[in-house]
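The chain below stands alone and is given in structure tokens; this is the form predicted on its own.
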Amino acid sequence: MTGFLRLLRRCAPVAVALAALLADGAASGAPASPPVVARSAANSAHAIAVIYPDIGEPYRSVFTRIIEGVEDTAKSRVVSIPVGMSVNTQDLAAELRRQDIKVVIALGRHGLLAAAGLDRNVGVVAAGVLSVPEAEARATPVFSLSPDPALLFARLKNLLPGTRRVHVVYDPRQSGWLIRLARQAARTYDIELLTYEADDLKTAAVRYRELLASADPRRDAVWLPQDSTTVDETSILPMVLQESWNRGLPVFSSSVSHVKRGALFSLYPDNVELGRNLGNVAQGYLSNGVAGVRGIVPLREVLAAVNVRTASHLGLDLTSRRQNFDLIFPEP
């Protein structure tokens, strides 16, 4: 598990949440090293464990919903184990052996760090992070919080059929895997994907200024990925949203919080459906000894958010299509 541990130390510290990603700071109130407490469903041979961050509301409800989804599809006993910022891995491993756990679903950074110290004979399904180093994720399924570009482009084409080009600024270290998927999806939807690499905030700002100056609002759109290098919340995001508003240029995002601030639309996790998918993968591991998938998998269990004020500004009438969105900003 040493390679997986290196992977976790380098991955983005995020977990699933409704309106935004949950960073380490949101968990600062959690106990430093809580006792391992396992809660399980009915008794049966071989169980699935879900290890998740021990934090308060509203985030605890998010993990509860994911676990509900896991229980919906798992044919085996499901044991839920909350962990703090640090956990005694020996105690955790002993508890898993006592419960006859053969596969672990590790959620969020705390869950992943706890799972990294487990025995090799315990399968791990990782979820609740944005990305990991690809070379170290080849043997482990990692279900990312980044929405599948194909789903984003499908939604874009539904709202703006005339879109022909999508601009995106990204850091290859964080989002290289996602951009490769995006290139494939762009061909499917007859979109020219214009990509701009940036490995620091200063370069990203230059790239955005250049593309915003040259983009054609009649056929272009800007995609904001969940990339901490290129989409800074305090400088880049306000600049992009203001300039796009002034020019009538559509901006869509992989982060639902950006829709509240003015992006046209975003996709975000359907927590129960995500849990159901994780449960299916874990059950496959129990049945076949393999997870069925490897590497980083984009988020496909999604809900949709839209900003109706931005839509109106762009000349879009969503009156008959509001039912196609699960979250609407500004809130009624």
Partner chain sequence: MLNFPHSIRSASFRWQLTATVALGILCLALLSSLATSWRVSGQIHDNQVEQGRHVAENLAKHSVLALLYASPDDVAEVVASTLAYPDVAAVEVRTAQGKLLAAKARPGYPPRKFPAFAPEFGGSQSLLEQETSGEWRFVAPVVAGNPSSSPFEMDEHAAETLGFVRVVQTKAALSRLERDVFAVNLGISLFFALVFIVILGLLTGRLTRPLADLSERMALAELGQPNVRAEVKGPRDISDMAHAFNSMMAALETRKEALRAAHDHLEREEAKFHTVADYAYDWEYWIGPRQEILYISPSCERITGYAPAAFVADPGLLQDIVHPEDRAILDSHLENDAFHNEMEVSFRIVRRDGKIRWIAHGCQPVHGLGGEYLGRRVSDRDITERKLAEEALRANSEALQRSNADLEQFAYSVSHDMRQPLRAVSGHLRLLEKALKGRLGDDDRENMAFALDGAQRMDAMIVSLLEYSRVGRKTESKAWLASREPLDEALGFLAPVIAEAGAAVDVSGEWPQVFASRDELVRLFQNLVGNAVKYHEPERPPRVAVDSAVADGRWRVSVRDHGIGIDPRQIDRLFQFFSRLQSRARFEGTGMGLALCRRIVEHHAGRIWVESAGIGQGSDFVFEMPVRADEECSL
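Because the structure is predicted, anything quoted here is derived from the model rather than measured. In this text, the rigid core denotes the largest set of C-alpha atoms whose superposition between the two forms falls within 1.5 Å. Numbering follows the first chain given and starts at 1.
The next section is about a form of this same protein that is not shown, the form predicted together with its partner chain.
The partner is absent here; in the model of the complex, the one residue of R218, K202, R120, K75 having a heavy atom within 4.5 Å of its partner chain is K202. Proximity to its partner chain in the model of the complex, taken as a non-hydrogen atom within 4.5 angstroms, holds for one residue of V62, V281, I296, V302, which is V62. Taking the partner from the other structure, its partner chain in the model of the complex has a heavy atom within 4.5 Å of a heavy atom of V129. Taking the partner from elsewhere, T188 is found to have every heavy atom lying beyond 4.5 Å of its partner chain in the model of the complex.
Under a 4.5 angstroms non-hydrogen atom cutoff, its partner chain in the model of the complex has Q174 among its neighbouring residues.
Although the partner is absent here, V103 is not a contact residue: none of its heavy atoms lies within 4.5 angstroms of its partner chain in the model of the complex. Taking the partner from elsewhere, every residue among G108, V206 and R209 has a non-hydrogen atom within 4.5 angstroms of its partner chain in the model of the complex. Stretch-level contact check against its partner chain in the model of the complex with heavy atoms at 4.5 Å: of 75 to 83, 92 to 100, 177 to 185, 231 to 239, the positive one is 231 to 239.
Positional change of Y59 between the shown form and the other one reaches 2 Å or more at the C-alpha, relative to the superposed core.
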